[in-house]
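Next up: just one chain, as structure tokens, the form predicted on its own.
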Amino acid sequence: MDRLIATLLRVNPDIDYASENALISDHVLESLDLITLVYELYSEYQIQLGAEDLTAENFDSAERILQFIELKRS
């Protein structure tokens, strides 16, 4: 999780990713943040994402993002 939090902080250091549970649902991450996040996740974890992957189910919290990464890498 520490690795993911470090990646997320590169996207937007003003967000408390450890406690935020509605990154997508509450529009905490803006569109430019999402574009940057896709790039950072590709760079850090070598996973490719499409627009269909950027859902609240997959990206509303750091925990959900980590679960999504593990799913994509398996």
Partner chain sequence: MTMLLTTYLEKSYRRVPDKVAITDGETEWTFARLRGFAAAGARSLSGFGNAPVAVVMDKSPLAIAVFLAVLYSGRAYVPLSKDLGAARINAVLSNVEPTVVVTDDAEFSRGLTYDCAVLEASQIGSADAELPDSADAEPLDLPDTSTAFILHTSGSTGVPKCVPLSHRNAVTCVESLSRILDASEDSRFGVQVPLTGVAAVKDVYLSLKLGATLVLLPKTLFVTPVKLVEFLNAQRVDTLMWVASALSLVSRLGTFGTVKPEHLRNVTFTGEPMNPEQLRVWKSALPHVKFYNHYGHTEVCACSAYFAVGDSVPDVIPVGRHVPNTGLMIIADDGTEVTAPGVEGELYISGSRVAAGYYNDPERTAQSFVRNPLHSRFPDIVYKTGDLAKYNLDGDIVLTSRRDHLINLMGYRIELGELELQACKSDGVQAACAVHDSARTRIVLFYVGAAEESALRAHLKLALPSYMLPQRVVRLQTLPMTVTGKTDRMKLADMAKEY
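Remember, it's a predicted structure, so these values are computed and weren't measured experimentally. Numbering follows the first chain given and starts at 1.
Not pictured, yet referred to below: the form predicted together with its partner chain.
Please check if residue 45 has a heavy atom lying within 4.5 Å of any heavy atom of its partner chain in the predicted bound form.
Although its partner chain is absent here, residue 45 would stay clear of it in the predicted bound form, with no heavy atoms inside 4.5 Å.
How about residue 66 - does it come within 4.5 Å of its partner chain in the predicted bound form, if we only consider non-hydrogen atoms?
Answer no; every heavy atom of residue 66 is more than 4.5 Å from its partner chain in the predicted bound form.
Tell me, yes or no, whether residue 51 is in contact with its partner chain in the predicted bound form, where a contact means a heavy atom of each within 4.5 Å.
Residue 51 belongs to the contact set for its partner chain.
In the predicted bound form, does residue 41 have a heavy atom within 4.5 Å of its partner chain?
Residue 41 lies outside the contact set for its partner chain.
Can you list, in sequence order, the residues from 6-28 that come within 4.5 Å of its partner chain in the predicted bound form, counting heavy atoms only?
In sequence order, 10, 13, 14, 24, 27 come within 4.5 Å of the partner.
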